[in-house]
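Heads up, the chain shows up twice below as structure tokens, two forms, tagged structure 1 and structure 2.
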Structure 1
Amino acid sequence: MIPVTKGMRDFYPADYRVQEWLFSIFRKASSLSGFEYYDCPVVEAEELYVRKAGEEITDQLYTFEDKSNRKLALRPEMTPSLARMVIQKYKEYPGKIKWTSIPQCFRYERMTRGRKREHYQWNLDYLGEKSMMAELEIIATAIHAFELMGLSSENVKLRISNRKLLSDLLLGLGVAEDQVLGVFLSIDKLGKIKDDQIIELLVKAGLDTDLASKVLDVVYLKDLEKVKESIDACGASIEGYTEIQELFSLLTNYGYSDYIEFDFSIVRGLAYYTGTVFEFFDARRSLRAIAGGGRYDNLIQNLADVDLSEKAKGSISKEAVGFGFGDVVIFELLKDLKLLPELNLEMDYYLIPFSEDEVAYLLPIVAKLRKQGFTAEMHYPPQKPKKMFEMASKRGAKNGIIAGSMELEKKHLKVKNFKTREETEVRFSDFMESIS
């Protein structure tokens, strides 16, 4: 027997029902906020990913050559494809874009809890909006989805930072511009390794010990007002602060203040985020980040390999906020919290013919029921009644339609309500009439 490929998942009907439940929440939250669906091939040119992040992601890429020696890859994430689609038709999309999708993405990487080599990742992207309204729309939609799953601010927290703010502050404190990147890397380790080790990393990044401990003190700030004081104290630029301040006020006004925490240790990938960065965590912090995203104002332009501001003259703005939400970690959390619904098969009518004669007799009923929008299935081939009734309850049938030689002879049907066990005998023609 050939087993399922390592890191990939099978979805048996029971699993698929749960998956569908989750996706229906993603779709509902998306459409309620006005996001439009899009999709594209799982297979893309390898180049689309190589360009973006360099060697690291190439290692994790599933790549292959087709029979014409095209170098192709399975998509590891959706954003480059989105960018490709937008760039391809930038003249058709002059305004803002609010798009959503649930692509299956692939990464060849080591597996740990909550991470497989394949997952479905709900994406929200808001393009062409400079203000924090873009962040708000995406974050609010995501939180709405959490709430539709039965989660609340007691289970889920959103940690927000802003890369512009952090770099403003670092520069104000005296960190040299070419050291900022190294400092980001070190701060990313906050909470993962000990403070002395972080100091060491900071020193390695070129800071002197004094500055390093000053930086460490600052990044531990959880209170935006204190952050403001630090900015004022060192005369740093206030741009990043203004952004995050605005975002917090928007989220509070929206009614989601219970979810949000300011946290400098949220850095995320250095590759393309330019401003806001955020990650959702479970409140107990027992799992890795559930979802995350941020502002990537330059990515589309970089990927386009053309200067859109020149070529398209404002046809599409390069501003972008994106968000990804994988299905694997959230399933872990929902399982832990026992919030996964028990989804059983449901069916309106199960038809029970006692012999082949009744099979023919009942076929028009099945056809009509289905055409009228009822879920209906006929037991076939006819078996012992016990067997057939057992199957009816296994299939989750609410009603049964039973026909044997007696019913056939009288041109009748027996309609049974499986819940109340009540049976009524009706004329075949009357039943057909009643479902018209």
Structure 2
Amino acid sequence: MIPVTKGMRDFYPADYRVQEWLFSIFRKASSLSGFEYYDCPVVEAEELYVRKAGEEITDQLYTFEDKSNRKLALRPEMTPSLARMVIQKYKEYPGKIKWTSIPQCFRYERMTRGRKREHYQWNLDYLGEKSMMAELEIIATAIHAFELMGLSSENVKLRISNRKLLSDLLLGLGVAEDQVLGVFLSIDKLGKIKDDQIIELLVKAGLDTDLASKVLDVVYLKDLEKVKESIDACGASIEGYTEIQELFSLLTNYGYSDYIEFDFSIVRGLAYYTGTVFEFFDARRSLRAIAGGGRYDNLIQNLADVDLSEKAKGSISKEAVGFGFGDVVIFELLKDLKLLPELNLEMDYYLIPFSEDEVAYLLPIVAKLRKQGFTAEMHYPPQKPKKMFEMASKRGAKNGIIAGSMELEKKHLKVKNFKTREETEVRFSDFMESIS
């Protein structure tokens, strides 16, 4: 027997019900904040992802060639696809865009708890807004979703940083501009490997040992006042610092100050982030990041410029903030906290015929119930009453409609409320009229 592909998942009906419960929360939070749904193909051109050099994602792609020898990939994330869509219809979307999606994504990566090779990911993206209001909308919508799941700031923390702020500080410390991305990718390993291994990565990125140690000291700063002192000491730009202060103020005014923490080690592994970066973690840090995102103001312009003439380069641009929220880690957290719901089947009516004659008799009832919006199912083929009633219970039926030879002869039905055990006999025609 062929098993499910390693790193992939089957969703049996009970699993699917829980997944749909989670997705319904994503959809509700998105709609309440005014995000519109979109979608795109799961297969994209490979070059859409490999343009970002030096990132792990390039080595994690599921790639193949089609029959026309085109190099394609299963999407590992949604942001490049969104950027492609916006570029294709740029003139039709001149203003602000608030879009959401729940795509399935694929990455060939090492599997650990909370990490599969496929996952569904709730995405929120706010394009065309320069201010920190875009970050606020994304983050507040995400936190609202957590709260709809029954979680609070006691269970979930949001760690925020700003790549612009960190980049300016690094330059002030003496890191060369062409070394900054390598430093970011090294810092992204913080907490996953030991500090001395981080130092080794920083040295490989071109820093000497003393500078690597200074960088690590700065990354461990948790107090924004201390960060400001470091900015003043090295004469770095305060633009990134001003942005993060504004964002913290907005989140506090919104009522979410209990969730937020400043953390320089949050840099995100993707090169296209330009400013704010953030990740949600469980409060105990027993799991990997639940969700994360940030500002990517240059991605659309960079992707568009590849195909534009020299004269037209830079003509297509749009500020953007987005995030991705995978379904794998949050299921682990909800399971740990015993917050996953037990979702049993529910059905309005289960129809129980005692013979084939009653099957034909009840079919108009089944059709009418479904047309009127009731969930209804008939037991087939007829069996012993005990087995049919057991199946009604298993299917989560609220009511039963029962017909035997006596009901058929009298043109009647028996309607039973399975919760109260109350049973009434009604005429067939009266019941049909009652559900009109």
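Owing to the predicted nature of the structure, the values given are computational and were not obtained by experimental measurement. Please note that residue numbering is based on structure 1, beginning with 1 at the start of its sequence. Basically, rigid core = biggest C-alpha set you can superpose within 1.5 Å across the two forms.
Asks: Quick check on the two chains I just loaded: which one is the form predicted alone, 1 or 2?
Replies: Between the two, the form predicted alone is shown as structure 2, not structure 1.
Asks: After a rigid core superposition, would you say the CA of N253 moves by 2 angstroms or more between structure 1 and structure 2, or not?
Replies: No, the C-alpha moves less than 2 Å.
Asks: Aligning on the rigid core, do we see the C-alpha of G172 shift 2 angstroms or more between structure 1 and structure 2?
Replies: The answer is yes; the displacement is at least 2 Å.
Asks: Would you say whether L363 is displaced between structure 1 and structure 2, judging by a C-alpha shift of 2 Å or more on the superposed rigid core?
Replies: Shift at L363: below 2 Å after core fit.
Asks: Enter the rigid core superposed C-alpha shift of G235 between structure 1 and structure 2, rounded to one decimal in Å.
Replies: Once the two forms are fitted on their core, the shift reads 3.9 Å.
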